[in-house]
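First comes one chain, alone, set out as structure tokens in the form predicted on its own.
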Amino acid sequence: MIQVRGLNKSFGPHTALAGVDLAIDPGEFVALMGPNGAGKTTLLRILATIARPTSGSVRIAGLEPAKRGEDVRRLIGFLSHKTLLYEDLTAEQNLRFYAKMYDIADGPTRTSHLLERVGLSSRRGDLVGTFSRGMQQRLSLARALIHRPQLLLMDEPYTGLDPNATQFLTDLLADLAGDGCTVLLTTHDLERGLASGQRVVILVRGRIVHDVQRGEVDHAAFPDLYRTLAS
């Protein structure tokens, strides 16, 4: 689903990504971990076609974003630090708007299904501006899923969530992975990353320094390993 080779991204004299190679198979759930400033958000923005690499190659489901950008974007759901929701619209109006943007034939039905799935059916007529952080995060996830993406990219989705919202998101992501959706999630929370992904990738100073299946991780030793790699 994702094939990245020799990916570099610079902002003037600052190098955000320095030769990243990454392959993710369809249906994999990967937790991308690393300290602040490691390049996690930059990598996700490039994969989401929001930013362009300085050099290197990217393919999403075999397609090159530079040549097939619209087709690639239809395959991707992106959850960023910003919810991309309109606070002066209701939850239902937000999802119907995005359904129209993606030309979803069954927009109203899809909207109702997703509101039910993220536990917001009872608040469908309420303005998003009245929602808590956790509720907005749920609705933003529904927005990212409105067009049935094959790949879900999530940038620090647990930030600011209370324990109940955290567990809800964890359960929902497990369901999506079970449905065959490919998930790439960034986090600097070691415990959350290990609990979420089937595979753990560590990015430090723009380079992948560790890539391992969760079943091969020694959970007790992992924090020390992470600190050593990130130092």
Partner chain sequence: MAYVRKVWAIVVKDVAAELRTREMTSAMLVFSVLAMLIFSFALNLRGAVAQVAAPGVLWVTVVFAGTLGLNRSFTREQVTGGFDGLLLAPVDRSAIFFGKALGNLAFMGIVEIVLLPLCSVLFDVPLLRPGVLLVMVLGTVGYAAVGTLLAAIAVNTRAREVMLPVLLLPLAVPALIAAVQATSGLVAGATLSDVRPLLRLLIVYDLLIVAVSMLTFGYLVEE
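Numbering follows the first chain given and starts at 1. Treat the numbers as computed from the prediction; the structure is a model and nothing was measured.
Here the subject shifts to the form predicted in complex with its partner chain, a form of this protein not shown in this document.
> Which listed residue (R148, H113, R133, K100) meets the criterion of a heavy atom within 4.5 Å of its partner chain in the predicted bound form?
Replying inline: Of R148, H113, R133, K100, the residue with a heavy atom within 4.5 Å of its partner chain in the predicted bound form is K100.
> Is there a non-hydrogen atom of L85 within 4.5 angstroms of a non-hydrogen atom of its partner chain in the predicted bound form?
Replying inline: Yes, L85 is a contact residue.
> Going by a heavy atom distance of 4.5 Å, is T159 a contact of its partner chain in the predicted bound form?
Replying inline: Contact with its partner chain, no.
> Does at least one non-hydrogen atom of A48 fall within 4.5 angstroms of its partner chain in the predicted bound form?
Replying inline: A48 belongs to the contact set for its partner chain.
>> Within 4.5 Å, heavy atoms only: does R73 come near its partner chain in the predicted bound form?
In response: Contact with its partner chain, yes.
> Picking from 28 to 36, 188 to 196, 168 to 176, 65 to 73, which part of the chain touches its partner chain in the predicted bound form when contact means heavy atoms within 4.5 Å?
Replying inline: Flagged stretch: 65 to 73.
> Hey, which residues along 179 to 193 are within 4.5 angstroms of its partner chain in the predicted bound form, non-hydrogen atoms only?
Replying inline: Heavy-atom contacts within 4.5 Å come from no residue here.
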